[in-house]
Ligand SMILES: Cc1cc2nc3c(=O)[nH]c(=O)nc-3n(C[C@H](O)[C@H](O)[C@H](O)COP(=O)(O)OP(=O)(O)OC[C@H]3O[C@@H](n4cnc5c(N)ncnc54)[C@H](O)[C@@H]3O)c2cc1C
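Take a look at this single chain, the form predicted alone, given in structure tokens.
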């Protein structure tokens, strides 16, 4: 339900979320799908209607797939968006154009954020357990140890809501983070940029181009539905009022098109890059996520995606604890798993900005020579083209299998599991996650994993909502003669991708434990599954 300042607030909920941006709404959609009572509080009257993020990756779309919204969202994206760094002479320094679908979606996509936000917002109406209230400002909160009491002001009247947990998704100036006294470490770049969004794309060239021009570096990005974004560096003495005036916008656009006066400008604004990371993402029963927890320059388009990673990581844990499937100790893993990767993405974005935007002609010349040289070396070129430089999330702590020496056990453990096409029990080809759902999953290659678990172990996993799958070659999908116990589903490996993945694991095992966010919690050989199962039940803090 979506309400306004006149809507009655629930007195008590499991989770209160501050901020109806993409991160807050993603968490709310996930919790709603799990039946967790959730209240979303947004101080604005309406969702923000101007474009902000314009880059979405495959991990992000996979998260939206889990919410049942990915196909609708994908209709508002441009897939396989190339990114090219171009010299002032028009030569390509580096081209990023990955074609992989390893996680089930294109790795790079452009999108228009208000359209996606609207889909996330409408998605909340599917759930009776979720209430969204606009024009509701959180003025204070009090974590009393067993609950958080949240003061909500609406048109001068303050109500108090009791929540088991509070999540601050309220942006870079987060009131929640500041109220917790959590430091926001990092730097604010002195360089400013003016962003201009255009209707009826007057340039038309697909892809994203970072023009490394020392006189004034600029960016040109093709967006879905005939939109275009261009961004120009702002110099010290330039004023926003002049740059964003009709004359100022036309002068800037004259660098990228012959008739700037004919361009249909949606909006223009100046912004400053930040590289900041909260010292911690949790304090007691209160969490922060998205821009409230980290800010990063836009050059790799990872600010939005990192926020959705936060939402995905935190929401399944909140759901398991709220539903009584796990103890509250599970929630402590959120900070340990997410903070290091957010820092890695900040560092990557800062480095990309330094490569792109020097205004010294000497430094630019040296960069261009080195870049062109590296681009001529095939392995180096592939490194950029296939986007191998992007730090993929790999958890070294948290809800994963570890050795007695506190090391990650298994090469795939802590990494995201691939999402190939599979055939379900009815013989219909589907994406893997559409079959696995939102629960923990145990997949075994060529066998039923339940055959190797003791009955009490199966019962404990089933209590967590775990689903069991036997993955077989597609040739055996309809005729498999092995033993299959009740409760295990057979999946056909449509294109051989899962056969290849399990073969690559070598001696690590053939039975994989997947978390709800589709990261590998652990892998085991059939006759060693009891040891791994026991350790992972502890890692999930499974209720007894």
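As the structure is a prediction and not an experimental result, all values here were calculated from the model. Positions refer to the first chain, counted from 1.
In what follows, reference is made to the form predicted in complex with the named molecule, a form of this protein that is not presented.
Enquirer: Looking at the named molecule in the predicted complex, is some heavy atom of each of 52, 170 and 175 within 4.5 Å of it?
Expert: The answer is yes; 52, 170 and 175 each reach the named molecule.
Enquirer: Would you check, heavy atoms only and a 4.5 Å threshold, whether residue 478 touches the named molecule in the predicted complex?
Expert: Heavy-atom contact with the named molecule at 4.5 Å: absent for residue 478.
Enquirer: Heavy atom to heavy atom, is residue 20 within 4.5 Å of the named molecule in the predicted complex?
Expert: Yes, residue 20 lies within 4.5 Å of the named molecule in the predicted complex.
Enquirer: Check whether residue 24 has any heavy atom within 4.5 Å of a heavy atom of the named molecule in the predicted complex, and answer yes or no.
Expert: Contact with the named molecule, yes.
Enquirer: Would you classify residue 281 as touching the named molecule in the predicted complex, given a 4.5 Å non-hydrogen atom cut-off?
Expert: No.
Enquirer: Quick one: from 416, 348, 138, 408, grab the residue that has a heavy atom within 4.5 Å of the named molecule in the predicted complex.
Expert: Contact residue from the list: 138.
Enquirer: Heavy atom within 4.5 Å of the named molecule in the predicted complex: which of 131, 305, 450, 268 fits that? Just give me the one.
Expert: For this set of options, the contacting one is 305.
Enquirer: Using a 4.5 Å heavy atom cut-off, which of 488-496, 511-519, 38-46, 63-71 contacts the named molecule in the predicted complex?
Expert: Every other range fails; the passing one is 38-46.
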